[in-house]
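Quick heads-up: it's one chain on its own, the form predicted alone, in structure tokens.
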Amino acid sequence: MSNSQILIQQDKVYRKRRIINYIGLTVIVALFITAFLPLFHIVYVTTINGVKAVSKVGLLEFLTAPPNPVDPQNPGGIGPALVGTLILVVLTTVFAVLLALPAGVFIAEFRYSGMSRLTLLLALILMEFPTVLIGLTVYAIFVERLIGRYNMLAGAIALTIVVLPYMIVQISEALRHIPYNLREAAFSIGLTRFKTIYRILVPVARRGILVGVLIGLAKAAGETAPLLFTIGGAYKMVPESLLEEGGAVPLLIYHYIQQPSEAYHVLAWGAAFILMLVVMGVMLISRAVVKEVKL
């Protein structure tokens, strides 16, 4: 075969590969667009309707005023529900961190123990557990039997159970990725295991732990099902006690979007827009923190 024939053959192979490459890229881009189109649609529709709703009363009033769903032109805001969500998120974060940190440390530092593996397995199972059943369980114990009425504390307990496995898994993974020679160095200077963990390893893994806390925070802020049976849904006033009935933004959206009046829908769309911004903001912060993780 002459050199010219070899060059022609190589050119044909090159063009064939280039065509196959273009087809492959086209298929990948099409699949990417197909997969993310629902997300883009949700963000677009929520943004358009949410901005219209917020602009009717102004951002500050919408974030601070109580709802007034009888007037479509001046529907009020989501102030008490937003405060209720803040209370729930703070309580949930405190409860979950106090439980998730020792559990994550136990899983990471005693990874070959049968109890450690069982703890991790239970956390992974709890991740997939229906949150509505968690809400029902907390209702049966803390609402119906112990306290006797809907209350914010029960809502925080339900949300803690929901976010706990996410924090446990993230914290344990953050600690597992610390090089073992750091532990050996700590042991070599006479530090106990407890001091090694909480003075050396936890500070080193603080960014990974923070990511787990932020993921749990975003999960708690957006959950609805556990709140259906626990906090009651009082949207026009801020609860004065944790044992009183209260409201939350996700629950307000769930209840108001089902009402026939237009003003209810306006408030629901505005609340959905604010909630979307909060959750997206938390997740973006989490991604930024992950990029800065260095051991």
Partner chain sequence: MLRRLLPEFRSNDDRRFFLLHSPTTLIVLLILLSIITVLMLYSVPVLRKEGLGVFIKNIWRPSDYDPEAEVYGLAAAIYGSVYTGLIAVIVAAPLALASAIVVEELIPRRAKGLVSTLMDLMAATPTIIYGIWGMAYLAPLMHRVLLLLHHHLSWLPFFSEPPTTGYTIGTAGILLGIMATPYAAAVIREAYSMIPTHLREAAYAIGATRFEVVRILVSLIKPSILAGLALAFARAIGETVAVSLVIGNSFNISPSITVPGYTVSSLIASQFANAGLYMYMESALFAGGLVLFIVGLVVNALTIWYMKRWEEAIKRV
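Basically, rigid core = biggest C-alpha set you can superpose within 1.5 Å across the two forms. Residue numbers count along the first chain shown, from 1. These numbers come from a predicted model, not from an experiment.
Form predicted together with its partner chain: not shown, discussed below.
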Heavy atom within 4.5 Å of its partner chain in the predicted complex - residue from V105, A174, V211, L217:
V105
Which one, V94, I147, V132, A185, lies within 4.5 Å of its partner chain in the predicted complex by heavy atoms?
V132
Among 189-197, 203-211, 83-91, 67-75, mark the stretch whose residues have heavy atoms within 4.5 Å of its partner chain in the predicted complex.
189-197
So, in the predicted complex, is N21 in contact with its partner chain at a 4.5 angstroms heavy atom limit?
yes
Exercise: F229 in contact with its partner chain in the predicted complex, heavy atom 4.5 Å:
yes
Is Q258 one of the residues lying within 4.5 Å of its partner chain in the predicted complex, judged by heavy atom distances?
yes
Is R287 part of the interface with its partner chain in the predicted complex - any heavy atom within 4.5 Å?
yes
Partner contacts for 231-269, taking its partner chain in the predicted complex and a 4.5 Å heavy atom cut-off:
P250, I253, Y254, I257, Q258, W269
With a threshold of 2 Å on the C-alpha, tell me if M283 counts as moved between this form and the one not shown once the core is superposed.
no
